[in-house]
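Quick setup: one chain, the form predicted on its own, written in structure tokens, and binding and motion questions come after.
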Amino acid sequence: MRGSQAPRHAARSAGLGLAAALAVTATGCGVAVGDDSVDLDYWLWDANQLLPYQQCVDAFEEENPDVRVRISQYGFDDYWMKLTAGFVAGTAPDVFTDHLSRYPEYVQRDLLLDLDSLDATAAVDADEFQEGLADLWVGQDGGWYGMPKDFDTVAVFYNETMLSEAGLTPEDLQDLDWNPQDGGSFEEVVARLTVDSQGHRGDEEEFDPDDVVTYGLASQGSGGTSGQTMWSWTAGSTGWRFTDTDVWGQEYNFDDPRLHESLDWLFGFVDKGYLASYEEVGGDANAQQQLGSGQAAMTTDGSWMINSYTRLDGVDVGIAGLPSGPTGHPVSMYNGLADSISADTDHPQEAARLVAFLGSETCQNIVGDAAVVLPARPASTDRAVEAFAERGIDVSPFTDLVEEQHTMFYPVTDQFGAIDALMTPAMDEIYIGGRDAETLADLNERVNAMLE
């Protein structure tokens, strides 16, 4: 177990009493249907996963004829606004897809049920999932608040035609490295892929950084507090970590010079002409559109975007591994989504049966065979790898990182919303060029004060 928390089953016996009480007293969104049947609401945000999860629900209903499930899918931003409104109004869905950055606050406000307090979910063995995923969802109180459903890492997506036009091959993207001093072989490739309006490349003397038509690296904005797909892989591969422990850290490390050097190097691409400026792409930059339009030749992005990139109209997209950093190997953020049960539900035991099924081998295999994400169960991950391969897509740049444990966790702490409100504007300023990365040391004191 990578986290500092006790094993999640530690609180099971204490929680069973809570479950019994909830079964008697809870009021919320589940709707009774006749004497023995109930309807449950299940929300998710990824449209790509809607079909396989509908298939999961169909299989669940066949095994559980006393429960009917209605799936609702909303875009990411709308999803969280509607969920917040639902919690306020007492109409939140019975079960919903949850994110590591959100659940600590929900736990703090008693909005989630402890899965170890419910029969069906408490019976699930956390060791059946990819290593460490279940532990990410263990709260500071020892409760278990999310059933792992998938995981994601970060790799490099590139335009195969642009790579060839630059005189490079996919093999040239293997075993790249970077460092904050001269950028290493990765910066050489980014420069080579950058082209100005006169056809001069970024590694040529005639190149004009103020007149670029194709950037070597796509922008995803500043990346905000987590920098998940934008900058976290740079700092992570220096040995830097977000907090003092893997999860539930008590101190952030935004004052670490290794982070500052990483940000300086990456956002220094703007002045070199390798990366679009904040003024050009705005705060909500879309790397997929930049790759699809030819504005950029390469980007770093998450495994949940595999289908979005490989299905770009008229663009052949390849996938390569992240470059190694000063530690001698690449490092990706390792994030995992999970299904949580709202404390508003009228039917906690039925909701637990649904959540246990969504995390089961049966459902995870359905999701794996659909080749949309990388499921949380190893055997289902293998099925997803095979399903992607049948479509000619090699996803090993994502899965190798997990197998070799070249990962770091998404920051899981209290007060993440308040921390994000402070840090994201600062990261934007660094990208814009109006703030030195070293000034994050001052903000780090304010961030850590929030955790005291």
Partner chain sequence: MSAVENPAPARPRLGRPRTAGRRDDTRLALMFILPAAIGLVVFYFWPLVRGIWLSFTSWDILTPARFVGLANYQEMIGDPVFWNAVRVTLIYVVINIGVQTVVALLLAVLMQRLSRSILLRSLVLTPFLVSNVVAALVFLWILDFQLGIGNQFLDSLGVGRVGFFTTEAWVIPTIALVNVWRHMGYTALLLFAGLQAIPSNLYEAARVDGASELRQFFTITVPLLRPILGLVLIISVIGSFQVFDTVAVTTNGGPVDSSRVLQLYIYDNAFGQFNFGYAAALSVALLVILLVVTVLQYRVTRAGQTDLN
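Numbering follows the first chain given and starts at 1. What you are looking at is a predicted structure, and each value in this text was computed from that prediction instead of being measured.
Just so you know, the form predicted together with its partner chain exists too; it's not on screen, but the next bit is about it.
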item: is_contact(residue 438, its partner chain) in the predicted complex, heavy atom dist at most 4.5 Å; value: no
item: 4.5 angstroms heavy atom contact with its partner chain in the predicted complex for residue 65; value: no
item: Residue contact check: residue 421 to its partner chain in the predicted complex, 4.5 Å heavy atom; value: yes
item: Partner contact for residue 282 in the predicted complex: its partner chain, 4.5 angstroms, heavy atom; value: yes
item: Contact segment among 238 to 246, 155 to 163, 106 to 114, 127 to 135, judged by heavy atoms lying within 4.5 Å of its partner chain in the predicted complex; value: 106 to 114
item: Contact residue in the predicted complex, chosen from 72, 84, 310, 140 - any heavy atom within 4.5 Å of its partner chain; value: 84
item: Contact test, all of 278, 295 and 432, partner its partner chain in the predicted complex, heavy atom 4.5 Å; value: yes
item: In the predicted complex, residues of 223 to 252 near its partner chain [heavy atom within 4.5 Å]; value: none
